[in-house]
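Have a look below at one chain only, the form predicted alone, in structure tokens format.
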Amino acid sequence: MNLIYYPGACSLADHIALIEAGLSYRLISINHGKKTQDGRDFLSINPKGYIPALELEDGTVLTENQVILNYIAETSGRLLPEDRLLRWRVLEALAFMSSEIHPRYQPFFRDFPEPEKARAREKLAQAFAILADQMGDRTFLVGDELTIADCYLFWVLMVAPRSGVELPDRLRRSLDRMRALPSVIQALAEEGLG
């Protein structure tokens, strides 16, 4: 399968998950002109125009981090807890990060006025506090094993400095632990971010 990505973007979560899951993959980067590294028009692959996109062997294309992460977990039989309630908690955490944190970064990736950035900082601080409370004293966000939620969490925490919001101690420690994982080290290196 091909992961179409942009270095350091949210597709990093899928990249980490592919490594952790032990699945075979090929990375295909995209440039700002929406051309893939292998010369294709990205909009013909994903008309939505944003990454990530996962091309399966049969030509099927999956988009949206939550879907791709879940596909990786289901295909590999890894990165989701056996316990049904914990599985729902993982999906709940993914949905929360996707809807309440990821979009709040938009003002910091583009030239937005300061009042919009201030509102985004406030919302991010609230969302990070919720995640820190949810994590409690566990090593990972949901339970004691790495899940697809942690793969996405790594990215949302990694880009937090752009917003100027200070991470709660628990999340800062989580980010540091994740940075030391072999899968994260490998993914960062493969994306030229090592």
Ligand SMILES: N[C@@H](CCC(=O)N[C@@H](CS)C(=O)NCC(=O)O)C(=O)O
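Values in this document were obtained by computation on a predicted structure and should not be read as measured data. Position 1 is the first residue in the sequence shown; the rest follow in order.
Omitted here: the form predicted together with the named molecule. The next part is about that form.
Novice: Counting any non-hydrogen atom inside 4.5 Å, which residue from 181, 10, 19, 171 sits next to the named molecule in the predicted bound form?
Specialist: It is 10 that has a heavy atom within 4.5 Å of the partner.
Novice: Which residue, 162, 138, 26, 34, is the contact with the named molecule in the predicted bound form, using a 4.5 Å heavy atom cutoff?
Specialist: Only one listed residue qualifies here, and that residue is 34.
Novice: Does the named molecule come within 4.5 Å of any heavy atom of residue 65 in the predicted bound form?
Specialist: Yes, residue 65 is a contact residue.
Novice: Mark residue 51 yes when one of its heavy atoms lies within 4.5 Å of a heavy atom of the named molecule in the predicted bound form, and no otherwise.
Specialist: It does: once the named molecule is placed as it appears in the predicted bound form, residue 51 has a heavy atom within 4.5 Å of it.
Novice: Taking any heavy atom pair closer than or equal to 4.5 Å as contact, tell me whether residue 154 reaches the named molecule in the predicted bound form.
Specialist: No, residue 154 sits far enough from the named molecule in the predicted bound form that none of its heavy atoms falls within 4.5 Å.
Novice: Taking the named molecule as it sits in the predicted bound form, is residue 121 near enough to touch it, meaning that at least one heavy atom pair lies within 4.5 angstroms?
Specialist: The answer is no: residue 121 has no heavy atom within 4.5 Å of the named molecule.
Novice: Any chance 76, 84 and 87 all have a heavy atom within 4.5 Å of the named molecule in the predicted bound form?
Specialist: No, none of 76, 84 and 87 comes within 4.5 Å of the named molecule in the predicted bound form.
Novice: Have a look at 57-65, 140-148, 124-132, 163-171 and name the one stretch with heavy atoms inside 4.5 Å of the named molecule in the predicted bound form.
Specialist: Looking at the partner contacts, the answer comes out as 57-65.
Novice: With the named molecule taken in the predicted bound form, which residues across 88-115 come within 4.5 angstroms through any non-hydrogen atom?
Specialist: In sequence order, 98, 102, 110 come within 4.5 Å of the partner.
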